[in-house]
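Presented as C-alpha cells, the chain that follows is alone, the form predicted on its own.
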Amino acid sequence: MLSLDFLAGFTIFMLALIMVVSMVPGLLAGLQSSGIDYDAVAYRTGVILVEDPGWPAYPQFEQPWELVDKDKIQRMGLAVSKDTPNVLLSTKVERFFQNSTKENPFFTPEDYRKFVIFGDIPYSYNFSLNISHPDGTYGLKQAGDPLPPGYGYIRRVVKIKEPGVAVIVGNTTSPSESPYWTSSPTMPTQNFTVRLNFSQLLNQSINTAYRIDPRTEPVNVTITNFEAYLNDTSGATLKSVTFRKWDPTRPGIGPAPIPFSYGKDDTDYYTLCIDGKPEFYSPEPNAQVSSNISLVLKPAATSLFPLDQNSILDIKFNFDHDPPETNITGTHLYDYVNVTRTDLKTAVLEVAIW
C-alpha cells in the first residue's frame, strides 16, 4: 500500500511540476532582455532600406514613393530596384533625409515608424548615412534621436547611384570646331535641342544600377564655354527652354508640352542657372548668356508624363534675336555615349533602434 501511495503522489507531483515549468516562460516573457528584439528590429529595418525600392515603385506605378504625397506612401526603401540590393538611388536618399528644419521636418517620427520600422511598439530610432566623396571627405546624413547607452544596431556598406551629366563644351580657341556650331544661323531664331530617346536609355540589357532613367533621377544638361558660340556679341538672349514629349510609333500625334507652368522658377520641377549666378531662372528667362547654361530637369517634372520605351523627350533651348547673337544649333543626344556617369559612391548606413 505504501508503494502505491508513493507512486500516486509522485505522479501527481511530476504532473504539477511539468505544468509549472511549461508556464514559467510565459510568466517571464515580459522580463526577458530586449536587446535581441531591438537587434532584430534594426536588422529588419536595414534590410528594408538597402534591399527594397519602397512602395509605390516603378514600373508598377507612374510615380515612385519619393515623388508622391505622404498619404500615398506605404514603404520607404532606398534601393534602386529589387534587383540591386545595397545600391541606393540618390533621389530616394535625398527624400528620405529631407528635413528642412528640426522643428518642422518633412517626415515626422511617426512617418519613419509607419513606413520603415513597422510594428506596434513606438520604437525610437537613429538612421545615419556616411557618404565617402572622391576628395577623401565624408558627408553625413542623419535622422532620429541621439543614441542612448543601449540599443539594437545594424551597419550596412552600400553604394549610391547618382545621376550623370551631359556636358556640351564650346571650343573657344577654334569656335568653328565646336560641336553644334553653324556659320549661317537661322534668322532671327536659333534652336538647340537635347534629345532623350527612351528606347535607348531603358535598354533592359543594361544593369539598373547603371541605367539612365529620367523617370527616377534628374536630367542634367550643361553648356560651357558658351562664348565660343557667340556671333560677335557680348551675349546671346536665351528666350525660353521648352520640354516636349512624343512617340514616334504613333504617327500623326505631335510633340506635347510637359504640363507645368513655364512662367516661374519651381525648384521642385527644374533649376535653370545662367553664367554661374547664384539664382534660378524660369524656363522663360529672356536673359543674356555669355559663358554657361546649367539645366536640371527633375523626376517630379518627367513623371507628369507616362514615359515608356517608345517615348522621346526633347529639351529645346530657344535663342531669339535679330540679328542672330549665337551660332549654336542642332540636336545633342542624351545617351550612354554623351552622358558622363560618375562611379557609384561608397557609403555606410547605420540603423539604431531602442
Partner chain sequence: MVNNAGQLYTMEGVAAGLIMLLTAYIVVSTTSIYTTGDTHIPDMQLEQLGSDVLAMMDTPDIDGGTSELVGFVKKGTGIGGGNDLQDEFLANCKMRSGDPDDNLRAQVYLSYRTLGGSVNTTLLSSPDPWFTGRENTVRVTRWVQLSQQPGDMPGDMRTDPQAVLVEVLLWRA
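In this text, the rigid core denotes the largest set of C-alpha atoms whose superposition between the two forms falls within 1.5 Å. Positions refer to the first chain, counted from 1. These figures come from a predicted structure and were not determined experimentally.
Another form exists, predicted in complex with the partner chain; not displayed. Remarks below refer to it.
Note on the interface: of 170 to 178, 110 to 118, 90 to 98, 125 to 133, the segment with non-hydrogen atoms within 4.5 angstroms of the partner chain in the predicted bound form is 125 to 133.
Note on contacts: among 203, 86, 193, 224, the single residue with a heavy atom within 4.5 Å of the partner chain in the predicted bound form is 86. Taking a 4.5 Å heavy atom cutoff to the partner chain in the predicted bound form, the contact residue among 158, 274, 230, 73 is 158. Although the partner is absent here, residue 140 is a contact residue: one of its heavy atoms lies within 4.5 angstroms of the partner chain in the predicted bound form. With a 4.5 Å cutoff on heavy atoms, residue 352 does not count as touching the partner chain in the predicted bound form; it lies far away. At the 4.5 Å threshold, heavy atoms of residue 331 stay clear of the partner chain in the predicted bound form, well away from it.
Although the partner is absent here, residue 280 lies well away from the partner chain in the predicted bound form, with no heavy atom inside 4.5 Å. With the core held fixed, residue 337 shows a CA shift below 2 Å between this form and the one not shown.
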